[in-house]
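In structure tokens, the next block holds one chain alone, the form predicted on its own.
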């Protein structure tokens, strides 16, 4: 267990897979037209949390995140029950960050007030665009008017901390449309923004439509121009770029997501939810129906074998104990996503690896291509590198797969 994990802190991710409409670009484990599953699914969530209690009794809960799917689509009473259960079963730090993902159409004043009453203190609103034509293309169930109304309601209800999601690289999206969406950030008291370059993920309708020629992805140059526009605009209005897709006002970074990117423990609860704990990765079965059918209260196996111990916790679909190389790659990958980059001294202290020496040739190549900044103490991506981050991370993976050097 590394130094980051010796704090005995964990975070909970609660997966709510229900959506009123599944967007054609979405490849998450989400479903529409299965509302009849909601009551029993939420019972399953409560059972799984109860099953975790004995294993995690000594851990302090730092944050809770309700994702999906659309958590705002279900009754707030279900969310309240989960929060109260976690607080009754675990040691929860005072005023933990509790985030809930929401769609604009769900955010009326009554529901927002109920969220504050039950302990939700941060929202992440899936706006995606302020253009009616682009929202229609994305298959969203809201328009510009309802997007703006959701922000106004959020502020009126008293939320001080909330994020909105915006997309760029949408087919036919113009630079001006992207600029107009960004301008809305300046007009309201928004303190956190997640921006995503739309990708056509395999298995989604968008992917098939692109293959059929029905959708045309923007050119790389246009994507780069959109990224540079957002960087210039957001920097001017006081936002800090702290992770590839995330910007915030000072001290308003997402505490929960920073725990992911810092390699800390998190437990995923619900169908298809992923976990990272004690250098192990595992995930639950994806089908909500099977999750409901098989989730039962269980006694914890008294064994030192972690996977045997948790075999009755939920419906484990995949599991993996990480090797030292896996852990090293995870640290490199996650730190590259952070704008502050990889601190060579931290890598040396944690893994006994001389980072500049290990990656001497790769670093030289990436510097020549202007994809990373030249620095003897830190490796961080340039603006150009951020746009090619997946390819760069794969290059590091290939290098890490080679034998590790001896500390010198």
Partner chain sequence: MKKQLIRNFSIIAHIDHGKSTLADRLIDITLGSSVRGDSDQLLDTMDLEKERGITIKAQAIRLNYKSKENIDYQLNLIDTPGHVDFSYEVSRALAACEGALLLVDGTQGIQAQTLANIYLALDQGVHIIPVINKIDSKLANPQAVSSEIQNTFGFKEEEILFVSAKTGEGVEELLEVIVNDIPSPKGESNDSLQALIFDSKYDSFKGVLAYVRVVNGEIRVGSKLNLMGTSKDCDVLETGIFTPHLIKKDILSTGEVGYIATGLKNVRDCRVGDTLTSSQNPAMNSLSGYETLKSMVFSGLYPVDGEQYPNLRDALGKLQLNDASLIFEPETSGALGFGFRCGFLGLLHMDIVQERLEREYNIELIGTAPTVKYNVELTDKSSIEVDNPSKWPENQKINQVFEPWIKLSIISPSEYIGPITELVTSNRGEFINTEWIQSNTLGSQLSGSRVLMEFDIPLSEILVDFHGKLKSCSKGYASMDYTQIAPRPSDLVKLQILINEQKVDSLSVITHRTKSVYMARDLVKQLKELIPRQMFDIPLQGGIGGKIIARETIKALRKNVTAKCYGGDITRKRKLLAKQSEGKKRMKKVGRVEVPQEAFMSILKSEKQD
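Positions refer to the first chain, counted from 1. For clarity, every value in this text was computed on a predicted model and none was experimentally measured.
FYI, the form predicted together with its partner chain isn't displayed, but the following is about it.
- Though its partner chain is absent from this view, in the model of the complex it lies within 4.5 Å of a heavy atom of just one residue from 189, 180, 326, 81, which is 326.
- Proximity to its partner chain in the model of the complex, defined as a heavy atom within 4.5 Å, holds among 333, 138, 151, 86 only for 333.
- For a residue to qualify, one of its non-hydrogen atoms must sit within 4.5 Å of its partner chain in the model of the complex; all three of 223, 244 and 388 qualify.
- Within this chain, residue 27 lines the site of its partner chain in the model of the complex, having a heavy atom no more than 4.5 Å away.
- In the model of the complex, at least one heavy atom of residue 365 sits within 4.5 Å of a heavy atom of its partner chain.
- In the model of the complex, its partner chain sits beyond 4.5 Å of every heavy atom of residue 142.
- When contacts are judged by a 4.5 Å heavy atom cut-off, residue 322 counts as touching its partner chain in the model of the complex.
- Heavy atoms within 4.5 Å of its partner chain in the model of the complex map, among the stretches 30-38, 51-59, 345-353, 369-377, onto 369-377 alone.
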